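In the structure tokens that follow, the same protein chain appears in two forms, which are kept apart as structure 1 and structure 2.
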Structure 1
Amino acid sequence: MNGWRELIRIENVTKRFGSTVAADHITLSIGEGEFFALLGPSGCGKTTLLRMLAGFETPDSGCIFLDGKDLTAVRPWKRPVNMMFQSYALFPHMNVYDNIAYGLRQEGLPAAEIDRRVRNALELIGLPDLAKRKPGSLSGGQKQRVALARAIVKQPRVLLLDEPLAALDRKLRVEMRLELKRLQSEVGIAFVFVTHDQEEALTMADRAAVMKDGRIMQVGTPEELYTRPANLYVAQFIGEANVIGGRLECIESEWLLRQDTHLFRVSGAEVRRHGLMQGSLAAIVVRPERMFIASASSVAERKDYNGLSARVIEIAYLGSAYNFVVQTDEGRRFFVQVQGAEGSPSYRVGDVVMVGWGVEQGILVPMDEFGNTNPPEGIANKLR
């Protein structure tokens, strides 16, 4: 990112709750004005990390810096940070205006300054006519906008959001993604948000940290996480994936992945990217939209493709595409997405077809979810 400047530095932070390690020696940088996501399943430690940024939890070890200043022991109300909760936490007895103004009044700002900021915030969230309404009369989307206005009206350096869209229905969630992104761009402050929804992170974040068991598996842009995952966990967590596990072989300068009696061509560049070598356990990851499906007799033997004979067992119409599930004689299943679904597909359930992918379309990753190149054989067996 052009002009990137570090705002937050989390340095070797660990946090335990009894025998559970919620944050395991985490080191992470977040930039000025960046929209950053902490992404992972429930229990991975993302909310604990957010609460440590807010000051509601204290690390057992490590430090948290903002603009180079150590905030690790600074109380929550003394940090230039604000947090928006999933429940919105609006005062039901106050109207919209007073809810937004509450924090500014607690700071003792002049009435004229409070009024200017609140009215600007109401314009920013598109609700200038609802200033006198009580929260009980607002829709879920309107409540969220008011909670957002209350958080940004204090002009924090960082806004923390814990699953901000979880309480909304799907249609409203999609609308609010665009709204949050627009607001963040307009106010120019860093947003750090927690989510378990990969689609949410991919569409909103400038960068994201994928977490598992209190550890960071990879940090990157949405495109990097999807097209260049660092390990098997990220490859499977971000988007849909067809996975083939096996052992690498190099025959006459060509890299291949052997799974039982099958050999699949892999990109030499992908082998080098991970520092893999002859005999390393690895997995090919192919996204469904990168797969092709064709009649069994129409695909000639080509060295830049991998192909398998399979039978169509399921077809789903998505409006803009068709999803196919196919199965080989050995029981291996592949998911194929064909875009541009004008009319009906050329294939039916029960048809024998050829499925495959271009060698350069296959993403190679170390077999172990943590990026190790030689995990126990049981992991390879699990993916066959």
Structure 2
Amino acid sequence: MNGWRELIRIENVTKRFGSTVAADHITLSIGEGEFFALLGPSGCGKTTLLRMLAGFETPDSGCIFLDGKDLTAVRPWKRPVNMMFQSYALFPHMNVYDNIAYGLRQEGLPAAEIDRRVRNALELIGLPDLAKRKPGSLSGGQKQRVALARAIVKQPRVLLLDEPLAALDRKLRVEMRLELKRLQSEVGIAFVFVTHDQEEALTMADRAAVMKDGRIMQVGTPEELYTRPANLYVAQFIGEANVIGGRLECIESEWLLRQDTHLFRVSGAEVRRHGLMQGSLAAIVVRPERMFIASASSVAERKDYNGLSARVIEIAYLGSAYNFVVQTDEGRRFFVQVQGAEGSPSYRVGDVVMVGWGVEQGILVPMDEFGNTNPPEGIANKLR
């Protein structure tokens, strides 16, 4: 990212609620004008982190800096940070215009200036005719836009959005993704965006942090998270994954991963990326679309492939792709996605086929203390 300048620095922030640790030594930087996603399952502490940025929760320890200034002691109404609430929190007794003008009136700006900015904001969200309407009479999508306008009209340094799209139906949600992205680039404000939808995070964010149990598992661009996950948790959270866990062996300078009696070839570059060694616990992650499927006899044993014989047990047609679930004699299951019509007519449920992946397509992740043994069901092998 060129021209990246740090705007927010979260330093070693911890927050407990009783015995739950909602934020566990979180350290994170967010850049100016960046679209940053906080991604994680329910209860992992995303909202808590956002509320600490807004000033509604105080960290038990650690600091939050904005433009290099410590924000910890600054009250919410003094922070150059605005939040868009998950429930929108529009004031029901004020019309759309007054809702949007509310923040500007608190700053004591001249009436003409307020009017100009509110009208611009209404224009920006494409609802110039709704100024006089009460929030109660708006649709979900309209409320969402008004809430957005109310927050950005203050021109904060950072806009915090807590699951802004969660309450919308699927079609509108996909539309609003593009709309939010457009708005963000237009106003140039940094967005910190909470979601538990990995697709949302991948399509919208410049960078994302994957969280679990109050900890940050990895920070990176969507591409980095997808193609170079730092651990098994991230590999499984972002996208679908076939997972084979085992122990690394180096035989005649070739890296292999042993699971039970079976040996799988592993990319040496991947082993070095994590600094793994002979005997390390690790897992191979293969994305379904990186797997191939072929007729049983067609693939010769090659050094740059891992291939297994398996039986097709399920086929799903997705329009643009076919999904196959295959199972080997040992009970390993693989999830294979084939784009287009290619390969589709050739196989039926019950056929014996060859499945596999190029060694360089196999992502290696260390099995550290986060070694998750619950891969998405029906897709991946159980780790043994």
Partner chain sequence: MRLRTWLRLHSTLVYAFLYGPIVMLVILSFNRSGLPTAWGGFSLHWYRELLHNEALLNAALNSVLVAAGSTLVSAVFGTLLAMGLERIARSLVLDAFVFLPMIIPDIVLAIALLSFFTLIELPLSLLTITVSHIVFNIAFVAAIVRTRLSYFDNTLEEASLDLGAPPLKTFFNVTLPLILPGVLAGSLLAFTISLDEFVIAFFTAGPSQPTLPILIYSMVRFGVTPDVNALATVVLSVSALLILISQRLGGTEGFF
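One-based numbering along structure 1's sequence throughout. Each form is matched to the other, and the largest set of C-alpha atoms that superpose within 1.5 Å is called the rigid core. All of these numbers come straight from a predicted model, not from anything done at the bench.
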- Of these two copies of the chain, point out the form predicted alone. 1
- After superposition on the rigid core, does the Cα atom of K171 shift by at least 2 Å between the two structures? no
- Once the core is aligned, please say if the CA of R311 is shifted by at least 2 angstroms between the two structures. no
- Message: Once the core is superposed between the two structures, does K134 show a C-alpha displacement of at least 2 Å?
- Response: yes
